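Consider the single chain below, provided in structure tokens and representing the form predicted alone.
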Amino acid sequence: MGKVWFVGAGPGAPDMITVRGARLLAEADAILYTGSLVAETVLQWAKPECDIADSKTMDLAQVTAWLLERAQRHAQVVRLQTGDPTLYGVVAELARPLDAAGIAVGIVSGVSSAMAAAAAAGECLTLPEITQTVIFTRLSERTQMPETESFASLAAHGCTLCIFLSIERIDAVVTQLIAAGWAETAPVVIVHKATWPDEIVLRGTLTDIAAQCRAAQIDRQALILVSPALGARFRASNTTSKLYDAAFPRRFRPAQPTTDN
């Protein structure tokens, strides 16, 4: 029996995969990648004789069967997924039959599109004394949200929201955010295909962001960022982090006495 690795390919650009992920691709005897979301250029690390397949036309049973069969005749098999395998993926469903068959499973983290989107927009998701909490969520649709995790209740916290898999319902996102107490002037950033060559970054408010998405024809593969931290680098503020405050002691840096003028 071989080992099956679930590897995060990152948000899109081939060089956004981790060093460990690229090494496993180079060592893999078989790779099953998500062709609908993972750029084929990420496969540049695979060896020429590697058994490679695209899973975009497969259902869960077919993906499971492919991994089981390859793991029985190859030492190392990689399931290459977009972003990070542990976030909005189906690792549990795919790993269960592998576990039952006695096949070893490993997971390699990938850069989430949430992090890549914030970086593409030049934004930070947290801001001292403004927001120190980030919520990853989505609108309820085919995958139903638990009753205790309704979008409206999460939005009511007023912290940073990274909204996945909901761009096709941007009007509903806006409506629910306003109903949860967000001002119509609240800043919003939309990042379509972060790190891809055709990346698009839209900036607006709850008033105009839906119209911008329609004008740009963005209705899939986009992350929605809503946060009181957006645009902080362009605003004057007296609030600073304690990380580099001279009066704040750190493990390797004693506090410096302050001088009152």
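These numbers come from a predicted model, not from an experiment. In this text, residue numbers run from 1 along the sequence as written.
Below, we refer to the form predicted in complex with S-adenosyl-L-homocysteine (SAH), which is not included among the displayed structures.
Remark: Leu37 counts among the residues lining S-adenosyl-L-homocysteine (SAH) in the predicted complex, judged by a heavy atom distance of 4.5 Å or less.
At a distance threshold of 4.5 angstroms between non-hydrogen atoms, Ala222 is in contact with S-adenosyl-L-homocysteine (SAH) in the predicted complex. S-adenosyl-L-homocysteine (SAH) in the predicted complex is approached by Val191, whose closest heavy atom lies within 4.5 angstroms of it.
When S-adenosyl-L-homocysteine (SAH) is considered in the predicted complex, Glu123 lies well away from it, no heavy atom lying within 4.5 Å. With the partner omitted from this view, the residue of Leu165, Met145, Val105, Ala180 that lies near S-adenosyl-L-homocysteine (SAH) in the predicted complex is Leu165 [heavy atom within 4.5 Å].
Of the residues Ala172, Leu87, Ala101, Val134, just one reaches S-adenosyl-L-homocysteine (SAH) in the predicted complex with a heavy atom at 4.5 Å or closer; this is Leu87. Stretch 79 to 87 is the contacting one of 93 to 101, 153 to 161, 79 to 87, 181 to 189, since its residues have non-hydrogen atoms within 4.5 Å of S-adenosyl-L-homocysteine (SAH) in the predicted complex. Of all the residues from 17 to 36, none has a non-hydrogen atom no more than 4.5 Å from S-adenosyl-L-homocysteine (SAH) in the predicted complex.
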